[in-house]
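So here's one chain in two forms, each on its own in structure tokens, numbered structure 1 and structure 2.
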Structure 1
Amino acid sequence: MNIDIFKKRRRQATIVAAILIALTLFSMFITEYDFAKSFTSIPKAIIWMFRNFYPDAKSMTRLPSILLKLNETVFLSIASTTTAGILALFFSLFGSKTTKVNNILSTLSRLTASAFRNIPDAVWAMIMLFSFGQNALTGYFALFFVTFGVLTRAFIETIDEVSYEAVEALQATGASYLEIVFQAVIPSGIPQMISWILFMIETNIRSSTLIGILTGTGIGYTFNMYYKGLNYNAASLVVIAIVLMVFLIEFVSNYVRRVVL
């Protein structure tokens, strides 16, 4: 009896492994991915990085202009996250099970958020590029749309998780809808929501690099310019600046999270 279970398990594991291997081989075939080449190129890339990818004295002169662009990118991701957070708060109040007004609005707000979330930021950037051109607002809207979708989902989960009992208690005392929202739902959910907003600011700094490359704005464009101009020293300085900025924001948000949550 026991042996049968082990046999069955082993057979299942073999089947799963076979399917995974088949899918891997299929993927390698259609993407023309070359395993040998990837193995040889990793050490090559590392050696190349040590030889060329470091900031030198000449690239340091570009530091002020890099920091200026990085600054713009940071503000862009903060602005898009906070404004998206405000909109997401409304949608999540309508979307959440505990605070919904009616089922139609709830479904509608969930669907809207899902569509905004599942269209990648790269796609939003391309769409906005048509009318806003190489402008800070292109990146702003691309980040705004995706952040709005993600935050609405996160806020709905937060509201459902945190405030059901408080809402019930206030309903029993005869509080109105707005009183419930402002006295129970928002105060009990706000620490979680802040944590999500800080997380999205971090994420958006990285995403805005990508959007910058696509739309020719911000720090992404600066990197792309140095990279395409083979000025790898300056490009590496951009990478280091981004890494330090992400670390700084991570540090601050971890601190806030420790105090707030």
Structure 2
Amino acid sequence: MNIDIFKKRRRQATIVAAILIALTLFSMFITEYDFAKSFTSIPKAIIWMFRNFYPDAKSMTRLPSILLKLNETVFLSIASTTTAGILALFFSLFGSKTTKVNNILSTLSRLTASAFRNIPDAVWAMIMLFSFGQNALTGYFALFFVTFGVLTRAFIETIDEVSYEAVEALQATGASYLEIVFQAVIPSGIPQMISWILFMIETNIRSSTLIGILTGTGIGYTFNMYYKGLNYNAASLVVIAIVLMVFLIEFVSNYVRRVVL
């Protein structure tokens, strides 16, 4: 019997692998993707980067303006993440099985979170462009909507995992809904919620570079401007500044997680 199961699993794995290979070859044919050419181009790209894509003395004079735009991007990411986190907390209370008010609100909260989470931030940025044009508000809302969806889902799971026993204990004493939320749910789940917010700040700083190119704001716009102007030395300085800032934010985030958790 066990031999039959192994044969069945091997046959299923072979069929799935064959389908994936067929889909890959079909996609390469449709997009005219040349596998060999892409790999042979890598050495040329590396040589080009070493010859052109590095900061020189002239590009260093642009560092203050680059740091100003980078700070703008970081603060925009923090603002969109924290405000989305506050709204996500309310929706997660309604969506959680532990703290739900009724099944209708719970389902609506979960569906709303799922809808906002599954639309990429780049798509949100393009949608918001029609309403707000190229400005910081467009980037803010693009990050806000995705962060709200992700955090709502994460907070629902956090509340379901860590608060159940404490909620049951307070319910047994006749505590009200608000007493349960403020004395059991939030104190039990706040370390994990802070950890999720810090994670989304890191993610949004990376995403905001691409969104800035689309919305014409922040460090993404600065990079795009230098790159399209063939000022590769300044563009490389922007990339280095972004990488260093991401490492710094990650270091601070990890330190806060160690202290809080």
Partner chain sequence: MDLSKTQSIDILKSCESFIKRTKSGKIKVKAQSSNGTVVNIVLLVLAALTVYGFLTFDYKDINISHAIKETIYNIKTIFLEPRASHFPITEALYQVVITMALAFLTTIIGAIIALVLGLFAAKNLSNERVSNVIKGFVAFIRAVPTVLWVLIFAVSAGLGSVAAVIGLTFHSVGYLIKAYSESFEEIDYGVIEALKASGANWWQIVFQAVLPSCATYLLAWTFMRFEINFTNAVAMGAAAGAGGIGFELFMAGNFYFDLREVGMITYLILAFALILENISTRIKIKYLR
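Basically, rigid core = biggest C-alpha set you can superpose within 1.5 Å across the two forms. Residue 1 is the first residue of structure 1, and the numbers go on in sequence order from there. Just so we're clear, the structure is a prediction, and the values are computed from it rather than from any experiment.
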query	finding
Correct structure when looking for the form predicted on its own	2
Core-aligned C-alpha movement of A18 between the two structures reaching 2 Å	yes
Once the two forms are fitted on their core, CA shift of R9 between the two structures in Å	6.0
